[in-house]
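One chain follows as structure tokens, the form predicted alone.
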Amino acid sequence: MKTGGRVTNWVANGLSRDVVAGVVVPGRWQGVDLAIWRSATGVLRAWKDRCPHRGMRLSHGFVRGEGLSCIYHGWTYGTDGRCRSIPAHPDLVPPAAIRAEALDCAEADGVIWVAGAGEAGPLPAVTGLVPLRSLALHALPGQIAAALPGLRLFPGGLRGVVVLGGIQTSLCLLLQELARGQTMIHALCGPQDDPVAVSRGLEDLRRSIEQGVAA
């Protein structure tokens, strides 16, 4: 993502509280589909959404303790990405070469960030803000930015002070480009702001932007 003349490989992929232990969810990074999951002990991982066996989406699988199992044939991968068990061959020790393809994944300030393996720089700073909610828009990141000239670009998204629903709020919108012309917004607000009012304002904002795009 290029923002304000700088390039960052980190892309927000959700709010930490929405991926609890034992859950796997789909994600996306620079056009690559992901499986993002958290083990029973809280280890967070982001992998390409493809089982090395038959290509089934790992985001359709399920978490078992410290492993993620493919829903197709049950091949299970540990938090290091290596295949740990193959149900059809219970006595086989899977070769070390069989592993899920991992991306860098980190959490900070209540946000889940993903970057290409070994390519990440410093995380975008959103310290002092409160995670609010995520919502999808039928609009591209550039169209969202153009509709909000009061927000400044920073590595990861948009940030500034705006008026939503007649209320002034400190707003941060982390932008995650999805497929088919959609963008996921992960919103954070100031600790002094009314989260209900800001959330309602975001719904109004979504309708306004989508109407503008469709016009």
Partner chain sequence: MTPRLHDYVLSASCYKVRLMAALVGVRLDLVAVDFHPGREHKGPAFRALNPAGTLPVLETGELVLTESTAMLVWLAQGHPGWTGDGSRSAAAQVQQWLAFSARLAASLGMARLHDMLHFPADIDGCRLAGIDCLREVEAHLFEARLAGRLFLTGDRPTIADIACFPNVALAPDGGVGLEPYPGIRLWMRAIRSLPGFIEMPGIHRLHELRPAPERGAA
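Note that the structure is a prediction, hence the values are computed from the model and not measured. Numbering follows the first chain given and starts at 1.
The same protein also exists as the form predicted in complex with its partner chain; that form is not shown, yet it is the one meant from here on.
A.B. asks: Of these, Ala106, Ala120, Ala125, Ile71, which has a heavy atom no more than 4.5 Å from its partner chain in the predicted complex?
C.D. replies: Checking each option against its partner chain in the predicted complex, the one that comes within 4.5 Å is Ile71.
A.B. asks: Note which of Leu148, Met56, Val43, Val63 lies within 4.5 Å of its partner chain in the predicted complex, where distance is taken over heavy atoms; exactly one does.
C.D. replies: By the 4.5 Å heavy-atom cutoff, the listed residue in contact is Val63.
A.B. asks: Since the partner isn't included here, can you check whether its partner chain sits close to all of Val20, Met184 and Ser199 in the predicted complex (heavy atom within 4.5 Å for each)?
C.D. replies: Each of the three qualifies.
A.B. asks: I'd like to know if Pro90 sits close to its partner chain in the predicted complex, meaning any non-hydrogen atom pair within 4.5 angstroms.
C.D. replies: Close contact exists here: in the predicted complex, Pro90 approaches its partner chain to within 4.5 Å, heavy atoms only.
A.B. asks: Residue-level question: is Arg82 within 4.5 Å of its partner chain in the predicted complex, judged on heavy atoms?
C.D. replies: Arg82 lies outside the contact set for its partner chain.
A.B. asks: Heavy atom to heavy atom, is Ala136 within 4.5 Å of its partner chain in the predicted complex?
C.D. replies: Yes, Ala136 sits close enough to its partner chain in the predicted complex that at least one of its heavy atoms falls within 4.5 Å.
A.B. asks: So in the predicted complex, does Leu132 come within 4.5 Å of its partner chain, heavy atom to heavy atom?
C.D. replies: Yes, Leu132 is a contact residue.
A.B. asks: What residues of 193-210, in sequence order, lie within 4.5 Å of its partner chain in the predicted complex by heavy atom?
C.D. replies: The stretch 193-210, when checked against its partner chain in the predicted complex, contributes Pro195, Val196, Ser199, Arg200, Glu203, Arg206, Glu210 at the 4.5 Å heavy-atom cut-off.
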